[in-house]
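Take a look at this one chain, the form predicted alone, written out in C-alpha cells.
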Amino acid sequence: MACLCLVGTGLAAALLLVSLALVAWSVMMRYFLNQPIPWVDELVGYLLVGLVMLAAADALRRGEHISVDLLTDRLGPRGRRLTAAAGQLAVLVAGLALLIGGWQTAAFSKLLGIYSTGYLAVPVYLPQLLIPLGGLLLAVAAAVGLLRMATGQSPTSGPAEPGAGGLRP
C-alpha cells in the first residue's frame, strides 16, 4: 500500500508543479503581454481535484490528516484505540462512497455525452474519474489501517503523534 500511496503522492506533486507553471504562465501572458489564456483556470481546477484525490490516501496512511484530539487525549489507551478504529471505518465508508458515487457520476456523464462548458470543452467524465480513483485509494488506505489495528499496530505507518491521527505508543 505504501508504494501505491507514494505513486499517488508523486503524481499529485507533479500536478501541483504543472498547476503552478500554468498559473505563472497565464499571469505572465495576461499582465505582461496583454494576451490572457482563458482555458488555464479550467484546467488548473481539474488538476487541483486530481491533486487532492491522489494525495489524500498517503496523508491518511501517514496520519497527517487534521484531527481534533480534545476528547481523545482524555481517553485511556482502549478509548483512543476505539476512536481511531471508528475514524478509520468512517474514512473507509467515505472512500467507498466516493468510489461508487464518483463512478456512477462519471458513467452517467459519459452516457449523456456531457462536455464542459468552459474553453476546453472536454468530456466531463474524464476529470470526474479522478473522484472514484481517489476514493479507491482512500478506502484501501483505511482498510489497511484497520488491518494494522487488528494486528495490534498503529493505524498509520507514519509517526504516531497526538493530533496527527495516530495513536501514542
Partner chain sequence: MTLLLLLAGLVLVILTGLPVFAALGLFGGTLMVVDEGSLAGLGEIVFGKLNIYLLVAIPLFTLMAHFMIRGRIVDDLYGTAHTLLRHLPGGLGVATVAACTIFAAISGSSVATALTIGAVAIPQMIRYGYSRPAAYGVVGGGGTLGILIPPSGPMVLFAVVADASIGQLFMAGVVPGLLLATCFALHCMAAQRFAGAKAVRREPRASLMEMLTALRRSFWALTLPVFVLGGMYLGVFTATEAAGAGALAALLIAMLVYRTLGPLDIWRSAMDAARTSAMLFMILAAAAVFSHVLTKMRIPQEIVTLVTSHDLGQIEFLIAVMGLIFVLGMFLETISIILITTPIVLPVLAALGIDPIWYGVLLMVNLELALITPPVGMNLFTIKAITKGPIEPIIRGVLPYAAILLAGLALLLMFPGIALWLPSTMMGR
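Numbering follows the first chain given and starts at 1. Only a predicted model underlies this, so the values are computations on that prediction, with no experimental measurement involved.
The same protein has a further form, the form predicted together with the partner chain, not shown here; the description that follows concerns it.
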Are any of the heavy atoms in H65 no more than 4.5 Å from a heavy atom of the partner chain in the predicted complex? yes
Does V144 make contact with the partner chain in the predicted complex, using a 4.5 Å heavy atom cut-off? no
Is there any non-hydrogen atom of V49 lying within 4.5 Å of the partner chain in the predicted complex? yes
Should L138 be classed as touching the partner chain in the predicted complex when contacts are defined as heavy atoms within 4.5 Å? yes
Would you mind checking 128 to 148 for residues with a heavy atom within 4.5 Å of the partner chain in the predicted complex? Q128, I131, L138
